[in-house]
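Let's start with one chain on its own, the form predicted on its own, as structure tokens.
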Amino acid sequence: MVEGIALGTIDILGTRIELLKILISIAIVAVGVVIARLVRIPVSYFLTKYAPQAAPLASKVVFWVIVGIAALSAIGNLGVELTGVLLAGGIAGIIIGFAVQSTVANLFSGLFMQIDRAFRIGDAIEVAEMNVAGIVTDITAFSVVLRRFDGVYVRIPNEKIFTSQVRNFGRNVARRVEITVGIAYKEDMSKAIEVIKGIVNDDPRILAVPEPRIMVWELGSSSVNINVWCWVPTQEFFNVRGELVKKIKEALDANGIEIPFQQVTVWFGDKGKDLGERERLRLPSLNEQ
């Protein structure tokens, strides 16, 4: 409430303030608002281009930070002691900072993720550390929403994703199908490879470049393992892989090539053999009793 005006000064609530300082303070606030609006335009443009989800909130934060700085400068110009205000504001800031640190971390993580562009809405991803995989349905300033492959929706904070290893299954236009086929040791490996190669070459969805590769990979405990590598369009990955496994099994059966079950041979040695014979000799007497 203004109580009086004299000699270019104004008395506000018992404090005499020069009218010129008041005008200068008003001008500082006005200039601050103009600068804040000018700065918000390129910031909003940049974030809309690289981080559209975070652009509205971030541009508002930039605007009000600049206006707040201008307001503090205007109050200081009036001669108001800001030490107590800043001290109280600092303490309040620390308290608020601890309370919203997760929110701020998620906000900045979301901003950095938008700039990094590791994935987009519609991509199939896996967050390795959390053992969660699914389709990205939404990216907000604070979290990412995934629709898992079983249809369940999961909301993951941006900070968790930003600090985790993320596998993007849909980023590349093609994916490699990997299949391991085990055949019996008695079978002809070259014949098996030719049979598998015929199945692979007959599928029009399998890319010619990179060229499919079929080779004997390892000698397993119960089978000779043949690895099949071929590239397919990403959207056809699951269909091609499932059909290839089925067709390879049917083709090997049709050509009389055995796919063995896992086998374990236990050898007791000579002493074990004698012990086994003695135990077998005792069995009839035990059964008769």
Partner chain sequence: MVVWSVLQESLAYGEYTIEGEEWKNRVVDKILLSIKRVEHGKYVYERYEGDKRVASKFIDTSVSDALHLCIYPVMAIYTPQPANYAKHLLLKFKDPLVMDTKSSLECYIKIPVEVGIFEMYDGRTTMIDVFATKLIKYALYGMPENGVICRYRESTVYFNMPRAEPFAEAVAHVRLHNYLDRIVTVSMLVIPIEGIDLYYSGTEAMLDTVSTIIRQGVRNEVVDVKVEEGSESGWSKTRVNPTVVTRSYTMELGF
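Residue numbers count along the first chain shown, from 1. What you see is a predicted model, and the numbers here were worked out from it, not measured in a lab.
One more form of this protein exists, namely the form predicted in complex with the partner chain; it is left out here, but the text below deals with it.
Although the partner is absent here, residue 76 is not a contact residue: none of its heavy atoms lies within 4.5 angstroms of the partner chain in the model of the complex. Using a 4.5 Å cutoff between non-hydrogen atoms, residue 48 does not count as a contact of the partner chain in the model of the complex. With a 4.5 Å cutoff on heavy atoms, residue 219 does not count as touching the partner chain in the model of the complex; it lies far away.
In the model of the complex, no heavy atom of residue 188 sits within 4.5 Å of the partner chain. Taken together, the three residues 224, 253 and 260 all stay farther than 4.5 Å from the partner chain in the model of the complex, as judged by their closest heavy atom. Though the partner chain is absent from this view, in the model of the complex it lies within 4.5 Å of a heavy atom of just one residue from 202, 178, 116, 138, which is 202. Distance criterion of 4.5 Å from any heavy atom to the partner chain in the model of the complex singles out 207 from the list 121, 215, 207, 130.
From the list 35 to 43, 22 to 30, 58 to 66, 233 to 241, the contact stretch for the partner chain in the model of the complex under a 4.5 Å heavy atom rule is 233 to 241.
Of all the residues from 157 to 173, those having a non-hydrogen atom no more than 4.5 Å from the partner chain in the model of the complex are 172, 173.
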